[in-house]
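Starting off, we have a lone chain in the form predicted alone, written out as structure tokens.
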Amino acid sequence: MKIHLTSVFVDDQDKAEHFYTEILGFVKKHDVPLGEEARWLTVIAPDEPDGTELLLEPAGHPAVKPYRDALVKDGIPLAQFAVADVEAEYERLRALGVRFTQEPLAMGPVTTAVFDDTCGNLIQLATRPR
């Protein structure tokens, strides 16, 4: 069994598409209209074309807002993305205007940082232990 797809709820799919592709560097895999306002919009890591897809899912369900608001208020990231070097990615993203709520922090063999994805979520970056 493998994880094929996971999702993050986003306030605006166009804004999310820009942030996740142009700023973070993911590649759009699927963009299928679902009615007048929503799309099946997924992104993938550029070096893993058959890897796990991230669905940029519209945040329209009534349970989404209180759930995400509570996570953000408590500083809890909704998702975690692996990077080779958290400090380097932190500097790259800051130079692009990304707002971090946690600067790089070493915790044993793992370093993490947390940023605001501009779409209603906190996302954690982490290095993989070597």
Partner chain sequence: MADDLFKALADPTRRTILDELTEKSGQTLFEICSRLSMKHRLGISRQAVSQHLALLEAAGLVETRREGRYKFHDLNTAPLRRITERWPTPAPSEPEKSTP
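Numbering follows the first chain given and starts at 1. Please read all numbers here as calculations on a predicted model, not as lab measurements.
Beyond the structure shown, there is the form predicted together with the partner chain, which is absent from this document and is the topic of what follows.
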Taking 4, 43 and 55 as the candidate spot, are all three within 4.5 angstroms of the partner chain in the model of the complex by heavy atoms? no
Find out whether any non-hydrogen atom of residue 76 is located within 4.5 angstroms of the partner chain in the model of the complex, and reply yes or no. yes
Wondering, does residue 99 line up within 4.5 Å of the partner chain in the model of the complex on heavy atoms? yes
Does the partner chain get within 4.5 angstroms of any non-hydrogen atom of residue 12 in the model of the complex? no
Report yes if any heavy atom of residue 16 sits within 4.5 Å of a heavy atom of the partner chain in the model of the complex; otherwise report no. no
Heavy atom within 4.5 Å of the partner chain in the model of the complex - residue from 103, 91, 85, 31: 103
